[in-house]
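Taking the form predicted on its own, here's one chain by itself in C-alpha cells.
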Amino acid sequence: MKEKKEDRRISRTRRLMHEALMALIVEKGYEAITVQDILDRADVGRSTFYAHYRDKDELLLSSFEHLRTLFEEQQQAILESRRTGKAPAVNLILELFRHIGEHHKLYKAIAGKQSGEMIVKYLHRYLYNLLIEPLTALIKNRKSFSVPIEITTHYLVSSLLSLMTWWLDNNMPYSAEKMDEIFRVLTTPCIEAAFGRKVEKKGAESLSGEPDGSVKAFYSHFIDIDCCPDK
C-alpha cells in the first residue's frame, strides 16, 4: 500500500512539472524558461526536480513518453493481428496527427526554434528505430532491393514529420484522418519502388481487416514480413 501511494505521489509530481512546462512554453517560449520558472509554477523544490530530470530538455522530451507507449502498442497489436486475424486497435499515424492537433498551441510555440528541432530529432530517431527492425526482418534471407532499407526508412519517417510540420504551419486545414490518407497516397509509391512490388488491396485487407485506404492497412506493409514476397 505504501509503495502504491509513493507511485501516485511520483506520478502527480511529474504531472505537475509537465503541466507547468507546457503552460510556460505557450506563455513565454521554451528558450526563455528556466528551471526556477518550472519550480515556481509547479510548486516543487529544486531537489525534487533533479530527482526526476536532469534538465528542462529531459522534462520536455518526457512529455512525449506516452507516444512511445502508443508506438509499442501498435507494434504489439499488429504482431498479434497476424496470430488472431483481428484488426489492430491502435493507429500509429492517426495518433500522431491527433496528438499534434490536440497540442497545436504547444507545437506552434516551439516551431522553428531549438526546442522544436530537438523534438523533431527525437521523434525521427524513435520512429526510425521503431521501423528499421521490422523492415530489416522483411528483407532477411531475400534478394536485395534497389534501395537500401536504411534509406527507405529514413525517407518514410522524414516524409511523415515533414507532412506534420506543413499541417501545423498551415493551421491544420484538414482533419487528422484526411492527413492519414494523404500520407498513404504520397508514400505508397515509395514503398512499391523500394520493395519492388505493387501494394495490393487484397493483401492489405487480408492482414488488417480494414480497407486499403485505412492507416491500419497501410501500416501493415511496414511490418508484416509476408507482405512483399519475392517475385
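Heads up: residue numbers just count along the shown sequence, starting at 1. All values derive from a computational prediction rather than experimental measurement.
Keep in mind the form predicted together with the DNA is missing from the figure; the text below concerns it.
Trainee: At 4.5 Å between heavy atoms, is Asn170 in contact with the DNA in the model of the complex?
Mentor: Asn170 lies outside the contact set for the DNA.
Trainee: Please check if Lys178 has a heavy atom lying within 4.5 Å of any heavy atom of the DNA in the model of the complex.
Mentor: So Lys178 does not count as contacting the DNA.
Trainee: Considering only heavy atoms, tell me if Thr165 and the DNA come within 4.5 Å of each other in the model of the complex.
Mentor: Output for Thr165 is no: heavy atoms all beyond 4.5 Å of the DNA.
Trainee: Do Gln36 and the DNA come within 4.5 Å of each other in the model of the complex, heavy atoms counted?
Mentor: So Gln36 counts as contacting the DNA.
Trainee: Give me the residue from Asp55, Asp40, Glu65, Glu27 that has a heavy atom within 4.5 Å of the DNA in the model of the complex.
Mentor: For this set of options, the contacting one is Asp55.
Trainee: Residue by residue through 15-48, which ones have a non-hydrogen atom no more than 4.5 angstroms from the DNA in the model of the complex?
Mentor: Heavy-atom contacts within 4.5 Å come from Thr34, Val35, Gln36, Asp43, Val44, Gly45, Arg46, Ser47, Thr48.
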